[in-house]
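Taking the form predicted alone, here's one chain by itself in structure tokens.
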């Protein structure tokens, strides 16, 4: 019995150690320094709640919150329905179904940085592939500045959708394969057509799965910034600067364009505020989406 307990502790220890070192300790460290004026060197100066007062007056931060809302909403409204449609199609007995599933899932295995570089080649305003095609077929008279102030947010949303659809499609596929065929056969005997089966069988039975997928989509969208950092670095004029990118710049101002000093104290306060916003949105979603748990 004692040997079994030792084995259990041995297996648990690595994950517990990593959680403590890379999860709990940084959290406690940030919770302490959000009350300090600290740039990463010298002696931290205790300033109480001044950092949070600065957060409330920081127009750049609240602008990034607005950009995050647009980015997350744009991604969510397209990604979830598109993933469901693809899953329904690829759940049927199609020729090459496995290959198509692999192709749609493929983007999720690439890092966000690699995706951003590939899409920079496509959306580059001067010699990008997309502009070259539009000009070749006379669909536009002049190159479109896809990474300019008017279109940069749209471009980043398109990249985010491309990278996320395969992942959610796979989750929807798992949910679809858990629906008993008896329900579809009973619906057929009642004279239901394909649309009615989708409306009264498929979507209600996918309720719990859909709740989880939308929650993942919301939290990942609110926290996403990697591809934006590589593609636009939050520009132009802060049009694509989202919350976590703004936070990253405060904690790691390594960009050639960023002339600001490292602000660990203020960055911790911004990080705490950002976590509260993400947690609040997730909590509200859970309260609203309770009905999705009801399986008919």
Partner chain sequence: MNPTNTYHTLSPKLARWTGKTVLWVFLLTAAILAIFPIVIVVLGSFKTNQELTSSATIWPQSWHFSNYVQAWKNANFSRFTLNSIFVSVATTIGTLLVASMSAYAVNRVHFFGKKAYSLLMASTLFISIGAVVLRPQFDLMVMLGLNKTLWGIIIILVSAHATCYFMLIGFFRSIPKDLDEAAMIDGCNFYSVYWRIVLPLLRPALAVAGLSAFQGSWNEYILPLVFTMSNPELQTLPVGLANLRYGIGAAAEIQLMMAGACLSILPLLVVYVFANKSFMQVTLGAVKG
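Residue numbers count along the first chain shown, from 1. A quick note: this is a predicted structure, and the numbers were derived from the prediction, not measured. By rigid core we mean the largest C-alpha set that fits within 1.5 Å across both forms.
Just so it is clear, the following notes concern the form predicted in complex with the partner chain, a form of the same protein that is not shown.
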> Between the options 189, 142, 103, 139, which residue brings a heavy atom to within 4.5 Å of the partner chain in the model of the complex?
Replying inline: 103
> in the model of the complex, do 70, 71 and 150 all put a heavy atom within 4.5 Å of the partner chain?
Replying inline: no
>> Test of understanding: in the model of the complex, would residue 193 fall inside 4.5 Å of the partner chain by heavy atoms?
In response: yes
> residue 120 near the partner chain in the model of the complex, any heavy atom under 4.5 Å?
Replying inline: yes
> Is there a heavy atom of residue 25 lying 4.5 Å or less from a heavy atom of the partner chain in the model of the complex?
Replying inline: yes
> Would residue 52 count as a contact of the partner chain in the model of the complex, using a 4.5 angstroms cut-off between non-hydrogen atoms?
Replying inline: no
> Though the partner is not shown here, which residues of 153 to 173 have a heavy atom within 4.5 Å of the partner chain in the model of the complex?
Replying inline: 162, 167, 170, 171
>> So that I can tell if residue 16 moves, could you say whether its C-alpha shifts by at least 2 Å between the shown form and the other one after the core superposition?
In response: yes
